[in-house]
Ligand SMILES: NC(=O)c1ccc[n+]([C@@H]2O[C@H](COP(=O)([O-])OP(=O)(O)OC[C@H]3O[C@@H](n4cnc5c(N)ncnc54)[C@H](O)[C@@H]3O)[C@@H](O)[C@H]2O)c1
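In structure tokens, one chain follows: the form predicted on its own.
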Amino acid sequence: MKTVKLGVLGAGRGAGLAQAVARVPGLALAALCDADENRLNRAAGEDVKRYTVYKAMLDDPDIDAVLVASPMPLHVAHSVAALKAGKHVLSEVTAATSIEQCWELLEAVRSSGRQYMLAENYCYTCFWSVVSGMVAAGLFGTLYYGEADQIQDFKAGVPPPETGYNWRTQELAMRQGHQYITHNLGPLYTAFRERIRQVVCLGSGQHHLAWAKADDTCVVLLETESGRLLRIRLDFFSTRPNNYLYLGLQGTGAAYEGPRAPGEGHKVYVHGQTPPGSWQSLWDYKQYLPPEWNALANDPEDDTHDGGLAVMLSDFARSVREGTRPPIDVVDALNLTAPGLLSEVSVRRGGAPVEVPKFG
């Protein structure tokens, strides 16, 4: 297979992903599917097939793989349907919305013989790609702590349930814990490469939306299999400036901290290279950025959450063409998703530790 022909389900988030396909050698946009015909027509180019029924796109023999960009609660159902139709799957986050769905997805992938990858774009940001390159080169030594913040005033995105169906209201406002954890855990997981063994979560209560069940802020503590510590804060409700890309990493040889406020930069300390008691700009180490970044990124200086979409799509296409393991395969996807689902259980138990199952 020289070119992977991709069908995209969902003309909302999927429209932006579809545009990035054009920058990826060996990957072609073959079709776009959305139940809303007007939105579909706005997003689809002239040479792209259009489907308003998902099964019809799955029945198309010209399509090799499907990018699932439907609402989060439907990711498993749509991924499983694609796998059963013989299509490879690149799924938007999160992988699942219940532990039962996690096991269902795992079985579907294993029985299909097809590739499955989680499209966790936060793992492909420019700054984290530099950090990852430094980790791979050994500059961080032994990693033992990581942290992330998802602080985003998202009250306008979660209308009250009585105003009509909104999956974000259901998953983000009507559930406790960190249901959207893969954006924050994903980059840390790619650095540590260890599954989470147990989860502890506590919340602050709700002070902004009287009808919401979610806490304004919840803090998730995660212990990896070898005893390393991760700390993640989620806040979708506080009235304050956003900061949803913050990451921090600590090892025996180096430390990294992302910006916490406008005007701040990405900073790093490398033992033996950075003057003691000071920080360097992360961009002083830009030589650790993977070569494919400059070849595929829309803008080599793009430091946003979607800056590396083409690199992510290229990784998926390569795994399909070569039959190799995707960078974030189904076991990785569940290792990223399940801790967030189980953080809800920990909150309900007053912050008691909850064990995370082994998926592989």
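All figures in this text were calculated on a predicted structure; none of them were measured in a lab. Start at 1 and count along the sequence shown; that's the residue number.
Separately, the form predicted together with the ligand exists; it is not shown, and the next lines address it.
Looking at Ser319, you'd find every heavy atom of it more than 4.5 angstroms from the ligand in the predicted bound form. Contact between Asn121 and the ligand in the predicted bound form is found at the 4.5 Å heavy atom cutoff. Residue contact check for Gly12: one or more of its heavy atoms lie within 4.5 Å of the ligand in the predicted bound form. Within this chain, Pro71 lines the site of the ligand in the predicted bound form, having a heavy atom no more than 4.5 Å away. The contact with the ligand in the predicted bound form, taken as any heavy atom within 4.5 Å, belongs to Arg168 out of Arg175, Arg168, Arg233, His271. Think of it this way: in the predicted bound form, the ligand has a heavy atom of just one of His266, Arg195, Lys87, His78 within 4.5 Å, and the residue is His78. Contact annotation: the ligand lies within 4.5 Å of heavy atoms from the stretch 31 to 39 in the predicted bound form, the single such stretch among 58 to 66, 287 to 295, 331 to 339, 31 to 39.
Using a 4.5 angstroms heavy atom cutoff to the ligand in the predicted bound form, all of Glu92, Tyr180 and His183 count as contacting.
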